[in-house]
Each structure stands twice: as structure tokens, then as C-alpha cells.
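In the block that follows, a single chain appears as C-alpha cells, in the form predicted on its own.
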């Protein structure tokens, strides 16, 4: 008796159909799982991914052990919007106005006169020394707890004049994704900013997932004392550290103790930090955020009084550092934008 022929062909065809469908569907799945989904495909995104893959590949020639995977980020203009004025400066100006009734002499003394009149251009013209004088007047004598409370209260209610949103809503979505991507690959992420360390620590963990001990910033000198029998740390009217420009590598050395292997900035104030990072041995990565989107954010670089990008841009081009063209490379800028 002749046995019936086994029907193998339909089974093979079914298998082939499933395989083809899965293959065709895989790009969509990969896209959904893309940790940098707010980045457009291009040189900047590819450079980031390539670096991370190289330094995390066990046995690879560029493999870096986890304890050495240190990434440092500037804050203003790199992680959130810095125009038309650095956010902490807005906070300080509000504080100066609140204290003005106790200091009638300020109405005739610079930079207080310009600050109280709302002449921001005049305040900025005074440069770092003028802003530092305002910071000292606004914070000296406060305890660390009072400073933290003041900063948290202000940042919880202050709104950006252009977007009418909380300043913390203006963290860059692509950079939030980048922070998460690096941490998921064994990196320890630090914020290294010219801003005040107490101000940054009041929201850095909530907004960026960066804990207080991984924030490096400018600071006044401090002292320990007993107030009504309670131990406190008090701000003094003297500069401890200006963590900007040439001060950033020093701050990294003092606070972190390891040279980073990756650094991210947006201005000439970050140049020394990027140079220090790239001067180390082994694989290195540097990236600049170039503000080119005047519609969704701002377009500025070489002549801006806030976040000037001039020498650092030239060096990035000359040395082949990664450069984010915000208009071209980011699908969205802020988390609240529609995708």
C-alpha cells in the first residue's frame, strides 16, 4: 500500500512567511527600543553610539572598565536652556529684589542699581565680578539648609518668560536620553557647571537622575558653627571656587578624582574641560551642543553674551570632536514638544 506523501512544502512556506514578516518588522521594533529616539540619525548620534559600544565591549581593544567610565556634562546650554539669561542668575536677581528694602543703598550702587532696574545687559557687561557680587549679597550668611530651601522653593514656581513653563521643563529631551543611555551602559554621570553647587543640587537628581555627590559647581567658602545649639554650615562672603573655564578641570580633579573619558559642553566655558578629558590615554569622546534652532529654541554662538561658542567650536572642528547641530540632529528639543 502506497503511503500518502507528506505535506512539507506548506509548512516550509509558512516558516518562510513568518521569517520574512519578522525581518521586515525588526526595524520598527529597533526604532521603538532606540534609547536615543529623540536624536535624528546622523554623525552626532552615530559617534555617541559607536563610542559607547566600543568602550563597553568586553575583550575589545577600546574596552574601559566600569569604574573608569566617567562622563561629565556642563549644565547651562548643554542640559537645559540658558537664554536669555542663566537660570541661576534669574534666581539671584529675584533674591536681590526681595532683599532690596533692607538695603536702600543698593539703588545707587552697581551692579545692584542695574539689577534692581532690570537692566540685564548692564549687569552682564560687568561680567563675572558683577554677578559674583550679587551672589555674595544674596546668599552669604545663609545656612546650607536655608540655601537648599530657597533654591527648591524658587525652582518649583519660577517660569521661563518665553515658554511660560517651569525652568525644569526646559531640560533637553535628547540629553535626558543620553544620560540614561550612558548610565545603562555602566557610566557614572556628573554635572560640572559654573553655576552654584547648592542651586544645582536642589533639583539635579529629580530632573537628571544625577545625585548631589555627582554635582560639581561654583561655591563660596563655608564654616561650621552652632546656632542656638544646632550645628550648621554657613555661607561666607568669600569665593571658594569658580567652577568655570579653567576652573572646570580643577573641580573635576578635586571632586571626582578621575579623568573623564567623555565630556559634553556647549560653550567656550567648557573648552578646558573638554581639552582635559581628551588629553587622557585610551578612548576619549568630546561633544559640543551647537545652538542652531532659532524657532524651537535659540540660534547663537560666537557673539553671544550668554553661552558664547567661539574658540571651542574652532577646536572641535579642527580635532574632529562631535558637534550636535540642534536644528538638524534633534527631533525634539524639550520633553513637552509633540513627536
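All values derive from a computational prediction rather than experimental measurement. Residue numbers count along the first chain shown, from 1.
Another form exists, predicted in complex with another copy of the chain; not displayed. Remarks below refer to it.
Review point. Do all of 85, 166 and 170 end up near another copy of the chain in the predicted bound form, with near meaning a heavy atom within 4.5 Å?
Key: No: no residue has a heavy atom within 4.5 Å of the partner.
Practice item. Using a 4.5 Å heavy atom cut-off, indicate which stretch of 90-98, 129-137, 243-251, 176-184 touches another copy of the chain in the predicted bound form. Key: Selected range: 243-251.
Review point. Does at least one non-hydrogen atom of residue 205 fall within 4.5 angstroms of another copy of the chain in the predicted bound form?
Key: Answer yes; at least one heavy atom of residue 205 falls within 4.5 Å of another copy of the chain in the predicted bound form.
Check your understanding: Though only this chain appears here, would residue 67 touch another copy of the chain in the predicted bound form if you measure heavy atom gaps against 4.5 Å?
Key -> It does: once another copy of the chain is placed as it appears in the predicted bound form, residue 67 has a heavy atom within 4.5 Å of it.
**Study point:** residue 56 within 4.5 Å of another copy of the chain in the predicted bound form, heavy atoms
**Key:** No, no contact at 4.5 Å.
Exercise for review: May I ask you to state whether residue 257 is within 4.5 Å of another copy of the chain in the predicted bound form, using heavy atom distances?
Suggested key: Residue-level check for residue 257: yes, a contact with another copy of the chain.
Exercise for review: Tell me, out of 118, 161, 237, 211, which residue has a non-hydrogen atom within 4.5 angstroms of another copy of the chain in the predicted bound form.
Suggested key: Here the answer is residue option 211.
Point to revise | One residue of 272, 36, 49, 305 in contact with another copy of the chain, assessed in the predicted bound form (non-hydrogen atom, 4.5 angstroms) | key: By the 4.5 Å criterion, the partner-contacting residue is 272.
Review point. What are the residues of 186-224, in order along the chain, with a heavy atom within 4.5 Å of another copy of the chain in the predicted bound form?
Key: Read in sequence order, the residues that approach another copy of the chain (within 4.5 Å, in the predicted bound form) are 188, 190, 197, 198, 201, 205, 211, 212, 213, 214, 219, 222, 223, 224.
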